[in-house]
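Okay, so we've got the same protein chain twice, two forms, each given alone as structure tokens, structure 1 and structure 2.
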Structure 1
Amino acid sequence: MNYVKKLSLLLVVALVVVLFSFSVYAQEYGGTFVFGRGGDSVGLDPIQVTDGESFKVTQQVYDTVVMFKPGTTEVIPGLAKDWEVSEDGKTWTFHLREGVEFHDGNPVNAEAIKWNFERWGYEDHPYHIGGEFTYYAYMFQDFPGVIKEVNAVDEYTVEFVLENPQGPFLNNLAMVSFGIASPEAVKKWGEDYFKHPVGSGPFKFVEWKQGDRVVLEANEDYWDGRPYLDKVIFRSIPDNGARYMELRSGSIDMMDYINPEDVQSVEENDDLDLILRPSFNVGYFAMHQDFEPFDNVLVRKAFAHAINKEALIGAFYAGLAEPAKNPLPPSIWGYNDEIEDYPYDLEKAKELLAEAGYPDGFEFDFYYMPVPRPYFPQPKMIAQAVQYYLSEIGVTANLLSYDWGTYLDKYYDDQFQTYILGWTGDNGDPDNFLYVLLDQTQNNCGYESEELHEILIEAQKSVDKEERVALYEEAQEIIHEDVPWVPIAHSTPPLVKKTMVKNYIPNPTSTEKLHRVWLDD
């Protein structure tokens, strides 16, 4: 082959490579992704919120020290590129990525990590302000709790010294609630920081029109590469049917919590895809034991027999759920499958009520959530169905609700006699369900069990998985016998997207970063 032919061939190959690269770039980069959701965020400071709608947004704005591999709860590097733990399990040393900046240009370094944890952990810290630091209390307690101290060894090395080994420590660090904020931004905004979030994540905060939308834009300098999307908009559309209509009309690109009757139309629509998020949750009916007659275990067991879980799943979940018998979903290790659920049995329920001293029933207040969640996709209708089941045993439930923020406030203030709520796992560890939701130091249903508390603390301190499994199986037996809740369902939450939305990988925790999602226009 002569020189001219070789040169021509090389030029053709180069042109093909350039055109292919441009095609991939054109497909992947650019565009605005609009996600329709069932409710608004409560706040945008991740340490001060507990709701999934807030975490959907903060996941994009903040990074954590370590994070979860897409689609899993496997811990992988985040702001820390690697780490090691001492032989006694009490000292964890993390080596941070160099040159990472917050969206305001300040450096992400060991001092910034230390400042965030001390802000969360010390109640007398000058910026421990703006609301509750609930997840920190759940996972680490106030200093000196699980974490004894945090040290900045050098600019890019941060050390966590624990009071005792903690089995779920690394998984806890990966939770979205522990997103690292710019210390300077927190100092600047003070009490209002929850409306002006500044992290180091793949998207920067632009605006929040409360009750309507949150707008984010790409962080061009993100350490894991520039996001494919230019903008992400989270729109609040409370009604499932209205949200689905907007998806079909093209005004949003993706949604969650579809009505069961719409699932078939999605499957028949070539322009839409149905995605099932891995089941990682529990929806439950809770009975607060500080209120009579729910201090009586016989009443609680009667309610457990009176609720028809199979019928609820068939009517309101499009069959995309399974009945729950434990607070822990079967997808998480440590699940006790030997436990037998309380069967739906109205006669047994009536017998238990009579034995408890309520042969003619009683009247009580029953609060239901105002927004759909993965574990209760149609909360009002589910509450109405539960109200009907309980009426069959002579009990009158007065249905009540509030807006989402107020509902959560009153829940945390222990103001509800009974209520429906639920939980989606944050980190893949049983501790995140059993301790967080039902330990006597944590729960919001007046449930006290010293036996359960001792087991859960022992399980926390162990780093032996087999030992922890045995302890959690025992814990579930105690909970089953005491019936602080009636577990209703573990759902497999459906999401619907346009087929043009590519590379959306649902995480079982219900939040995922969107920087690798792209639009195929």
Structure 2
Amino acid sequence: MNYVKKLSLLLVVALVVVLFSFSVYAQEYGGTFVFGRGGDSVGLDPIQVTDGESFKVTQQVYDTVVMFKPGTTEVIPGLAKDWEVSEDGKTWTFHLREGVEFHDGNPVNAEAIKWNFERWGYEDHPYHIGGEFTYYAYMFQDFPGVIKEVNAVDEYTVEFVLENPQGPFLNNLAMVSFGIASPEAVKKWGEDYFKHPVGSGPFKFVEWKQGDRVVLEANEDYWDGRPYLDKVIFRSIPDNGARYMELRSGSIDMMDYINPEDVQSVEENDDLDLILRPSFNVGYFAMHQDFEPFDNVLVRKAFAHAINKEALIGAFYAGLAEPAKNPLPPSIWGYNDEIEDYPYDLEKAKELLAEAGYPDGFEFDFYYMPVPRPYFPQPKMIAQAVQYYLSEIGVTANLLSYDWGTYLDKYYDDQFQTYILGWTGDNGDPDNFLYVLLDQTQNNCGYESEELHEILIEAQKSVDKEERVALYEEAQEIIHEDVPWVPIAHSTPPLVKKTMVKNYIPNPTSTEKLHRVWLDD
């Protein structure tokens, strides 16, 4: 018996080895990879943009000091091959790879990295121009914010001195926004740098036809090995259906944002694969506690019982999402899987409403987003479905919407009684969800909990990961009991590729480098 077991194990191992080596040998150099997407890039200077379509391109052109391991939010070496942090968590020292060059031939050294951070962080820097440097101020909390100074210790050693310890600091440095640009190129182009990006990444910038395409070519000297692909082209095809037709007709090799209605036909097509990006977001229904009767936790719990998340996901996400029970997506460490969600139970919901003093229901305003986001691909339909669920427990929701700018404006101004909205993570740290969205100094649903606040602040200051995990798990329990939101779903945004496109590993953070992707002609 034991013998058979061993033999079969051996067989499996052999098979895996053969398959693996086969796939390694089959990798081919060459070819042009055309990616069809929903919109054009806004700009190609990563620190100046906030949209995914810009980051898709800058991810290829630039390197960051550290980066995310493919398919995860785990931090691995980037331009820095290793690093250490001081006891007090305030001084980080990075040792850079030697001999790396920008696409214009200038060296990537400690001075270049110092120059980039000073350009971003110092408002009086001569090249602090061309935009608002939004993400710098956002992740480092101001200009220059948490980063007190950046020192070039020697040619290949750079040191960051922080104002106070920042738990997510390393994760922040891995974000695509903080791609290191060639200082000479920034000086050369000034305000127009966003059209002439120069980094040290796996692909060099060739051409940008605005509204149509961005063309990149392989960086022969990339430090992580020459990319398999010769050329990458990002094409803008705004309509989801039209883009899908182009993919089927063969003029593009891959696309994102497919209509849920088309998912089934992808699955039936042998030449196409559906791959899912790990979930890194949350879509939720929020109840603002400044408004009656949402100050009553029984009412909020009743709503949590009234919404059938499974059905919503089946109908409006084509099943490509998982029901949410926490604000944090399960792909992020610290996720508390012990929590048991409020089950869909109309009778229970009605009981809770009656207990709260509203046996005959009530009427309120319910706002839905005017634009689809990854966490709510069809917000109008989802809102209508939620409205209908709530009508079944006797409460009347008036559906309303505004244009996106006004919508966010009124959301920040605490004018919505109830609304749907969501969040996509930035840096893979739980703080980036729990503190940002639900701390009493931050949230826009009138939720106040001193207990939660203390836990979140403690977790921010801590540098011990195990301690932070325990704190965040506790935080999620408090949130579960207080029900400031009904979390609806964590979507896994689908990508569709031709089967000939190999080794495309989607990262939860929405962008990934393409130098390991190859084409099997």
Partner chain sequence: MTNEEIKRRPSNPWYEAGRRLLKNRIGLLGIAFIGILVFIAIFAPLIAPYDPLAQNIMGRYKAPSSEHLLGTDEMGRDILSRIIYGSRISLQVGLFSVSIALVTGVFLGLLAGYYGGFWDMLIMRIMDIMLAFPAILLAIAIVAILGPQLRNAMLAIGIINIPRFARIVRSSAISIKESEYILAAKMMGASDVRIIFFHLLPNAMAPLIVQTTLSIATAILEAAALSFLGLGAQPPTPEWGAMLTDARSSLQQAPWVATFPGLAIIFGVLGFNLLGDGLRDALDPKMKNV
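This is a predicted model, so every value here is computed, not measured. Just so we're on the same page, residue numbers count up from 1 along structure 1's sequence. C-alpha atoms forming the largest set that superposes within 1.5 Å between two forms make up the rigid core.
Legend: structure 2 corresponds to the form predicted in complex with the partner chain, while structure 1 does not. In this overlay on the rigid core, Ser449 has a C-alpha that sits 2 Å or more away from its partner position between structures 1 and 2. With the core superposed, Val214 shows a C-alpha displacement below 2 Å between structures 1 and 2. Think of the chain as two rigid blocks: between structures 1 and 2, the small block swings through 30° with respect to the big one.
After superposition on the rigid core, the Cα atom of Lys380 is displaced by 7.9 Å between structures 1 and 2. Summarising the core-aligned comparison between structures 1 and 2, the C-alpha atom of Ile332 is found to shift 3.1 Å. Its Cα shifted by 11.8 Å between structures 1 and 2, Pro343 is reported here after superposition on the rigid core.
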